[in-house]
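Only one chain is given next, in structure tokens, and it is the form predicted alone.
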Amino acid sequence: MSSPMIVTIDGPAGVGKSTMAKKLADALGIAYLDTGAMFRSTAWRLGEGAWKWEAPRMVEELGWINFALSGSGSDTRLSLNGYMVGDEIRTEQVGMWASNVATMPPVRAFLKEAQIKLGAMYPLVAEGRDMGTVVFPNAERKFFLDASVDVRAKRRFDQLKEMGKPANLSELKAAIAKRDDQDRNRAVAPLRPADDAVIIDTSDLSKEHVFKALLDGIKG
């Protein structure tokens, strides 16, 4: 049997990966894998300070975590131990926790294996930080979305305001810049485009233009 189709979309925080990955999964009629949500859910489940644990304790705690997917396209839902995760993992605090635990080899190894298992079961549009470089190096199509820190902070600010949550633009910019530094310079699986990825700078592009570029890349 041939392997399920995998499309990867990588990029930094706030670049619009989730929005585009959902739209692309809808268009292709396949599942959407939000690996950032997997890291956030893991960090949320483990709790604050987990990144200070010794490796044996971390491995033991990770052994109690199990992920599953249901649905397809933008209706795909991620569950952790049977619990459908939601907005509780979308805070800036949990985002920083996720960036912290992402530097730990046991966490990355655990989630990489969990993602590979899901990819072996379902055709996916997988978005994250290292989908095309580490987790699915043989993906059928690979994309890397990027944008300036200012643009990403403003997008996140607008998103939080729409959700009715408090937001401070300068604090968001600082948080995104800090996460960029951690993600791009970490020793394990640093954020970078795959050699064969299509790179799309979304700073000056509308959502429609970005989506068209993704579709053109699929067809090409």
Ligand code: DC
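A residue's number is simply how far along the shown sequence it sits, counting from 1. Note that the structure is a prediction, hence the values are computed from the model and not measured.
Only in words, not in the display: the form predicted together with this ligand, which the text now covers.
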property: Heavy atom of each of M20, R152 and D201 within 4.5 Å of this ligand in the model of the complex; result: no
property: Interface residue in the model of the complex among G95, P106, G119, G73, criterion: non-hydrogen atom within 4.5 angstroms of this ligand; result: G95
property: Interface residue in the model of the complex among K165, R45, R186, R57, criterion: non-hydrogen atom within 4.5 angstroms of this ligand; result: R186
property: 4.5 Å heavy atom contact, F67 to this ligand in the model of the complex; result: no
property: Close approach of M131 to this ligand in the model of the complex, 4.5 Å, heavy atom; result: yes
property: Distance check, A102 to this ligand in the model of the complex, heavy atom within 4.5 Å; result: yes
property: Distance check, F39 to this ligand in the model of the complex, heavy atom within 4.5 Å; result: yes
property: Stretch from 49-57, 175-183, 24-32, 157-165 whose residues place a heavy atom within 4.5 Å of this ligand in the model of the complex; result: 175-183
